[in-house]
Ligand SMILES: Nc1nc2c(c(=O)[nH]1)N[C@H]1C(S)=C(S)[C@@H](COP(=O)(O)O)O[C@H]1N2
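Single chain ahead, by itself, as C-alpha coordinates, in the form predicted on its own.
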(Lines give C-alpha, C1' and ligand atoms only; values in the text may rest on other atoms or scores of the structure.)
Protein backbone atom coordinates (compact mmCIF):
# COMPACT_ATOMS: atom_id res chain seq x y z
CA UNK A 1 0.00 0.00 0.00
CA UNK A 2 1.33 3.45 -0.93
CA UNK A 3 2.05 5.99 1.79
CA UNK A 4 -0.14 9.09 1.68
CA UNK A 5 1.63 12.46 1.32
CA UNK A 6 0.31 13.62 4.71
CA UNK A 7 1.75 10.47 6.34
CA UNK A 8 5.17 11.17 4.81
CA UNK A 9 5.03 14.73 6.16
CA UNK A 10 4.02 13.48 9.62
CA UNK A 11 7.12 11.23 9.64
CA UNK A 12 9.26 14.35 9.13
CA UNK A 13 7.72 16.15 12.10
CA UNK A 14 9.66 15.68 15.36
CA UNK A 15 7.70 14.86 18.53
CA UNK A 16 5.70 17.75 19.97
CA UNK A 17 6.06 19.95 16.86
CA UNK A 18 3.45 21.43 14.50
CA UNK A 19 3.96 22.48 10.89
CA UNK A 20 4.12 26.26 10.42
CA UNK A 21 3.22 27.81 7.11
CA UNK A 22 4.88 31.16 7.88
CA UNK A 23 8.33 31.84 9.33
CA UNK A 24 7.86 33.00 12.94
CA UNK A 25 10.28 35.65 14.19
CA UNK A 26 11.81 35.12 17.63
CA UNK A 27 14.95 36.66 19.09
CA UNK A 28 16.44 38.40 22.11
CA UNK A 29 17.30 42.08 21.87
CA UNK A 30 17.05 44.49 18.99
CA UNK A 31 17.73 43.60 15.38
CA UNK A 32 21.20 45.01 14.69
CA UNK A 33 21.85 47.25 11.71
CA UNK A 34 24.07 45.75 9.04
CA UNK A 35 26.83 48.00 7.74
CA UNK A 36 28.76 46.26 5.00
CA UNK A 37 31.69 48.66 5.48
CA UNK A 38 32.24 47.74 9.15
CA UNK A 39 31.00 44.12 9.31
CA UNK A 40 33.60 41.48 10.09
CA UNK A 41 33.65 37.78 10.93
CA UNK A 42 36.28 36.04 13.05
CA UNK A 43 37.37 32.42 13.54
CA UNK A 44 39.54 31.73 16.59
CA UNK A 45 40.31 29.41 19.47
CA UNK A 46 41.73 25.93 19.01
CA UNK A 47 42.58 26.37 15.33
CA UNK A 48 45.85 26.27 13.41
CA UNK A 49 44.92 29.30 11.31
CA UNK A 50 42.77 32.03 12.93
CA UNK A 51 40.77 33.89 10.29
CA UNK A 52 39.08 37.23 9.82
CA UNK A 53 36.88 38.33 6.93
CA UNK A 54 35.17 41.53 5.91
CA UNK A 55 31.86 41.26 4.04
CA UNK A 56 33.42 41.32 0.58
CA UNK A 57 35.90 38.58 1.48
CA UNK A 58 33.28 36.41 3.12
CA UNK A 59 30.86 36.84 0.21
CA UNK A 60 33.60 35.69 -2.19
CA UNK A 61 33.95 32.29 -0.45
CA UNK A 62 32.40 29.31 -2.27
CA UNK A 63 28.69 29.02 -1.57
CA UNK A 64 26.47 25.97 -1.49
CA UNK A 65 22.71 25.43 -1.22
CA UNK A 66 20.91 23.21 1.28
CA UNK A 67 17.24 22.28 1.42
CA UNK A 68 16.17 21.22 4.91
CA UNK A 69 13.41 21.24 7.49
CA UNK A 70 13.85 23.57 10.48
CA UNK A 71 12.49 23.12 14.01
CA UNK A 72 12.05 25.68 16.78
CA UNK A 73 11.99 24.84 20.48
CA UNK A 74 8.71 26.80 20.67
CA UNK A 75 7.20 23.84 18.77
CA UNK A 76 6.92 25.08 15.17
CA UNK A 77 8.60 23.33 12.25
CA UNK A 78 8.93 24.50 8.67
CA UNK A 79 9.50 22.02 5.87
CA UNK A 80 11.59 22.30 2.71
CA UNK A 81 13.37 25.57 3.46
CA UNK A 82 16.19 26.52 1.10
CA UNK A 83 19.35 28.17 2.41
CA UNK A 84 22.62 29.14 0.78
CA UNK A 85 25.94 30.13 2.27
CA UNK A 86 29.42 28.93 3.07
CA UNK A 87 29.54 25.26 4.02
CA UNK A 88 30.84 24.98 7.57
CA UNK A 89 33.11 22.20 6.33
CA UNK A 90 34.82 24.75 4.09
CA UNK A 91 35.51 26.92 7.13
CA UNK A 92 36.94 23.84 8.88
CA UNK A 93 39.37 23.35 5.98
CA UNK A 94 40.44 27.00 6.07
CA UNK A 95 40.90 27.25 9.84
CA UNK A 96 42.24 23.76 10.60
CA UNK A 97 40.84 22.91 14.05
CA UNK A 98 43.50 21.45 16.34
CA UNK A 99 43.11 17.85 17.54
CA UNK A 100 41.96 19.19 20.91
CA UNK A 101 39.01 21.14 19.40
CA UNK A 102 35.81 19.36 20.36
CA UNK A 103 33.20 22.15 20.45
CA UNK A 104 32.03 25.04 18.28
CA UNK A 105 30.71 28.18 19.92
CA UNK A 106 29.02 30.61 17.56
CA UNK A 107 28.95 34.28 18.53
CA UNK A 108 26.31 36.76 17.44
CA UNK A 109 25.00 40.24 18.13
CA UNK A 110 23.87 41.33 21.59
CA UNK A 111 26.37 38.97 23.27
CA UNK A 112 24.51 35.88 22.07
CA UNK A 113 26.33 32.54 21.87
CA UNK A 114 25.30 28.96 21.13
CA UNK A 115 27.32 25.77 21.45
CA UNK A 116 27.40 22.45 19.61
CA UNK A 117 29.87 19.58 19.48
CA UNK A 118 32.23 19.79 16.52
CA UNK A 119 30.78 16.46 15.34
CA UNK A 120 27.38 18.18 14.93
CA UNK A 121 28.80 21.23 13.12
CA UNK A 122 30.79 18.98 10.78
CA UNK A 123 27.78 17.83 8.77
CA UNK A 124 27.25 18.46 5.06
CA UNK A 125 24.06 20.49 5.67
CA UNK A 126 25.58 22.99 8.15
CA UNK A 127 26.12 26.46 6.70
CA UNK A 128 27.06 29.98 7.51
CA UNK A 129 23.94 31.14 5.67
CA UNK A 130 23.47 34.51 4.00
CA UNK A 131 20.59 33.55 1.71
CA UNK A 132 17.09 32.22 2.38
CA UNK A 133 14.74 31.13 -0.41
CA UNK A 134 16.98 32.71 -3.05
CA UNK A 135 17.14 36.17 -1.43
CA UNK A 136 19.59 37.80 0.98
CA UNK A 137 18.75 36.71 4.52
CA UNK A 138 16.52 39.35 6.09
CA UNK A 139 17.76 40.97 9.31
CA UNK A 140 14.71 39.74 11.26
CA UNK A 141 15.76 36.17 10.41
CA UNK A 142 19.42 36.72 11.30
CA UNK A 143 20.83 38.47 8.24
CA UNK A 144 23.32 39.22 7.02
CA UNK A 145 24.72 35.92 8.35
CA UNK A 146 23.29 33.09 10.39
CA UNK A 147 24.77 29.80 11.49
CA UNK A 148 22.46 27.11 10.09
CA UNK A 149 22.32 23.73 11.87
CA UNK A 150 19.12 21.96 10.77
CA UNK A 151 19.69 18.88 12.96
CA UNK A 152 19.17 20.95 16.12
CA UNK A 153 16.45 23.24 17.45
CA UNK A 154 16.78 26.59 15.75
CA UNK A 155 18.21 28.51 18.74
CA UNK A 156 21.48 26.70 17.94
CA UNK A 157 21.50 28.48 14.55
CA UNK A 158 22.90 31.78 15.82
CA UNK A 159 21.41 34.88 14.22
CA UNK A 160 23.63 37.83 13.22
CA UNK A 161 26.65 35.56 13.47
CA UNK A 162 29.93 37.43 13.85
CA UNK A 163 32.30 34.64 14.72
CA UNK A 164 33.09 31.02 15.44
CA UNK A 165 35.20 29.87 18.34
CA UNK A 166 36.67 26.38 18.48
CA UNK A 167 37.21 25.01 21.97
CA UNK A 168 38.38 21.91 23.81
CA UNK A 169 35.76 22.70 26.47
CA UNK A 170 32.02 22.97 26.11
CA UNK A 171 30.80 26.51 26.78
CA UNK A 172 27.01 26.61 27.19
CA UNK A 173 25.51 29.57 25.35
CA UNK A 174 22.82 32.16 26.05
CA UNK A 175 19.80 29.83 26.17
CA UNK A 176 21.67 26.85 27.59
CA UNK A 177 22.60 28.99 30.63
CA UNK A 178 18.89 29.81 31.02
CA UNK A 179 17.63 26.24 31.21
CA UNK A 180 17.56 25.03 27.62
CA UNK A 181 18.99 21.60 26.85
CA UNK A 182 22.68 21.61 26.00
CA UNK A 183 22.26 19.39 22.90
CA UNK A 184 18.87 20.49 21.49
CA UNK A 185 18.05 17.48 19.29
CA UNK A 186 14.42 17.87 18.13
CA UNK A 187 14.01 14.14 17.47
CA UNK A 188 14.82 13.45 21.12
CA UNK A 189 12.69 16.43 22.20
CA UNK A 190 15.66 17.90 24.07
CA UNK A 191 14.05 21.25 24.84
CA UNK A 192 14.99 22.03 28.41
CA UNK A 193 17.20 20.65 31.19
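What you are looking at is a predicted structure, and each value in this text was computed from that prediction instead of being measured. Positions refer to the first chain, counted from 1.
Quick note: we don't show the form predicted in complex with the named molecule, though the next part is all about it.
Colleague: With the partner left out here, if you bring back the named molecule in the predicted complex, are 44, 92 and 166 all within 4.5 Å of it by some heavy atom?
Modeller: No, the candidate spot makes no contact with the named molecule.
Colleague: According to a 4.5 angstroms non-hydrogen atom cut-off, is residue 25 in contact with the named molecule in the predicted complex?
Modeller: Output for residue 25 is yes: heavy atoms within 4.5 Å of the named molecule.
Colleague: Using a 4.5 Å heavy atom cut-off, state whether residue 60 contacts the named molecule in the predicted complex.
Modeller: Although the named molecule is absent here, residue 60 would stay clear of it in the predicted complex, with no heavy atoms inside 4.5 Å.
Colleague: Answer yes if any heavy atom of residue 105 is within 4.5 Å of a heavy atom of the named molecule in the predicted complex; otherwise answer no.
Modeller: No, residue 105 is distant from the partner.
Colleague: So, residue 140 and the named molecule: in the predicted complex, are they within 4.5 Å at any heavy atom pair?
Modeller: Answer yes; at least one heavy atom of residue 140 falls within 4.5 Å of the named molecule in the predicted complex.
Colleague: Name the stretch: of 34-42, 120-128, 140-148, 47-55, exactly one has residues whose heavy atoms fall within 4.5 Å of the named molecule in the predicted complex.
Modeller: Stretch 140-148 is the one.
Colleague: Check each residue of 152-173 against the named molecule in the predicted complex and list those with a heavy atom within 4.5 Å, in sequence order.
Modeller: Those in contact are 154, 155, 157, 158, 159, 160.
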